[in-house]
Ligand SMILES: Nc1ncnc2c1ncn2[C@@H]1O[C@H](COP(=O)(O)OP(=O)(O)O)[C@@H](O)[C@H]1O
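Next up: a single chain in structure tokens, the form predicted on its own.
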Amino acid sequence: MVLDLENVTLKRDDVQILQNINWQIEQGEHWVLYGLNGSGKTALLDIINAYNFPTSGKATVLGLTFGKVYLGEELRKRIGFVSASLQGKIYQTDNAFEVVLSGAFASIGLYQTPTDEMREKASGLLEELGCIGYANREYGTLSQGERQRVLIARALMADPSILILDEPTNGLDFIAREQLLDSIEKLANKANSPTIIYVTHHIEEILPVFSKTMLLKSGEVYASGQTNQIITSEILTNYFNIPVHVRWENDRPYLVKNK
């Protein structure tokens, strides 16, 4: 079991942020976490990353149960996390190769001398994610899509057991989005891929490789299970409280608002 949340609740100043979250992820599964703004996605990710502990309930991530062992850095080293907040912390003058190498040390900036093995691995990841052509360019000169690819490569340097991609296509145009999604799909299909949790509020970004989906609404699990059974016109009409239609093309869903 990669993730096991049982009746997890989170309160802040008597405000209920999450309520009775039950979510189990098995080894080899790739999930979409879908929710609109304010649904509680960030709070849930903070619990998975051990930045927050549940107010009640039981949380076990990668075999570590909150409250029984010290988590913090030990757990976060085993989780690759790519988010908008991380993008803003990266030094703009570091080149892409240096940014990826820093992932081996879980540091912002490269302060230690990487081994030849680390350099070889970083080059391989840059190649795999289509970044090798701009490996020597400064991070600050890269496009949004190029930065996201570099950050994913950086996250993979530590061989994480879980890779969380938090709204990775934000700010990308259609072409850059589809190119990044292609890279993510190839990564997810690899035999040694980490478990991927793909966080989004765009239905059309749900790739065929994400066979499981959880809908989060107002801090509660609205629906969870096989993607093709969750992403339906009926369920999403009730979820959004407006009539919508789900159209499937090439095993990907597209959302249309009914008139």
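A residue's number is simply how far along the shown sequence it sits, counting from 1. Quick caveat: nothing in here was measured; it's all calculated off a predicted structure.
Another form exists, predicted in complex with this ligand; not displayed. Remarks below refer to it.
Stretch from 202-210, 224-232, 32-40, 56-64 whose residues place a heavy atom within 4.5 Å of this ligand in the predicted complex: Of the options given, it is 32-40.
This ligand contact in the predicted complex: E249, any heavy atom under 4.5 Å: No.
Distance check, R12 to this ligand in the predicted complex, heavy atom within 4.5 Å: Output for R12 is yes: heavy atoms within 4.5 Å of this ligand.
Touches this ligand in the predicted complex: V244 (any heavy atom, 4.5 Å): V244 lies outside the contact set for this ligand.
Contact label in the predicted complex: I25 to this ligand, heavy atom within 4.5 Å: I25 lies outside the contact set for this ligand.
Sequence-ordered residues of 150-185 touching this ligand in the predicted complex, heavy atom within 4.5 Å: Going through 150-185 in order - heavy atoms within 4.5 Å of this ligand in the predicted complex - there are no hits.
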